[in-house]
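The chain below stands alone and is given as structure tokens, in the form predicted on its own.
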């Protein structure tokens, strides 16, 4: 009876405080928190955590410590003005702990002409809040803050500790979450409310960026037959890579990927080559991203790509004396997985069904998150589940459905109680 009453109280509190939750989301979206500009948004988070009544830990990650870590990836090595923020709700020490992890950084707005409203307006139309970061993932962060606010205001005392994390750098490889792990933040489980369309992702692919350097032989365009076009050789290499993508995905038989057309894609995102219209191109650089399966290692994926490209010499004799050179660079996200029969997964599913009255869709994530770091480095089993619109992440006119933010908050609040235990 007590449990049912508390569930009703949580729903009622969220309903009564809806306007405040929307205002918080609007303020966060209006704060441009692209890389290097996170301070204003984090100040809003800090003030919110203090109002909730949580212990707050704020620090700028140590670039030296991070750079020396094997899983560090970032275009920068100093983080002045880019703090991490953690809010702590202490339990009595008798329950399981939980991390609620969300990133505050957003990708650039891109071409402003493609936006119907200012990217940082926080405009609300027909139940949707628009703006860069609304769906990826400030809406999910607000769900976490609302869940904690409800528990605090209803004076719910927990047995286990809860750590709310507002981290930087997720969009460029996870330095913020890595810094939180190195600071000692680990737990028995974690939720990351990335934009999943309210689907539950127990598994997530990782990804790595690559460059493939291809050589040709220059010649005058009028006698191009005297040269060897690196552009033409690049086309052969790309077709070869597409065959690898097909081979890698044929191995994926996980039912969580049944609705995903290409579970672990290899994407060619950039090609540069040649230097003059009347010259045969003597060099091409291909840049791309390869997905890494949840149970696969980054190292294994790299090795397979390198070995596959070494076989190009069997496709075209040119590559015998002019093999491609593979370079791994830039962003990287570790894969991660939690057993679908894990108790934490079951609790989240049960609370989803209670709040929404229907079973959730359980799939594997089509992209990487900081969950790989939490799973592999912090040994913290992680689920990705959030209210954002997957298809609108990184897109112009990004938006989130406001009602979903509050539905996710209710589900997460109940899951916190079930997992950490109520005193």
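Positions refer to the first chain, counted from 1. Because the structure is predicted, anything quoted here is derived from the model rather than measured.
One more form of this protein exists, namely the form predicted together with a further copy of the same chain; it is left out here, but the text below deals with it.
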- Query: Though only this chain appears here, would residue 173 touch a further copy of the same chain in the predicted bound form if you measure heavy atom gaps against 4.5 Å?
  - Reply: no
- Query: residue 223 near a further copy of the same chain in the predicted bound form, any heavy atom under 4.5 Å?
  - Reply: yes
- Query: Would residue 278 count as a contact of a further copy of the same chain in the predicted bound form, using a 4.5 angstroms cut-off between non-hydrogen atoms?
  - Reply: yes
- Residue contact check: residue 297 to a further copy of the same chain in the predicted bound form, 4.5 Å heavy atom: no
- Considering 111, 239, 126, 94, which brings a non-hydrogen atom within 4.5 Å of a further copy of the same chain in the predicted bound form? 239
- Query: Looking at 244, 326, 268, 315, which is the one with a non-hydrogen atom within 4.5 Å of a further copy of the same chain in the predicted bound form?
  - Reply: 268
- Assert contact_stretch over 182-190, 257-265, 84-92, 144-152 against a further copy of the same chain in the predicted bound form, heavy atom within 4.5 Å, equals 257-265
- Item | Partner contacts for 355-390, taking a further copy of the same chain in the predicted bound form and a 4.5 Å heavy atom cut-off | 366, 367
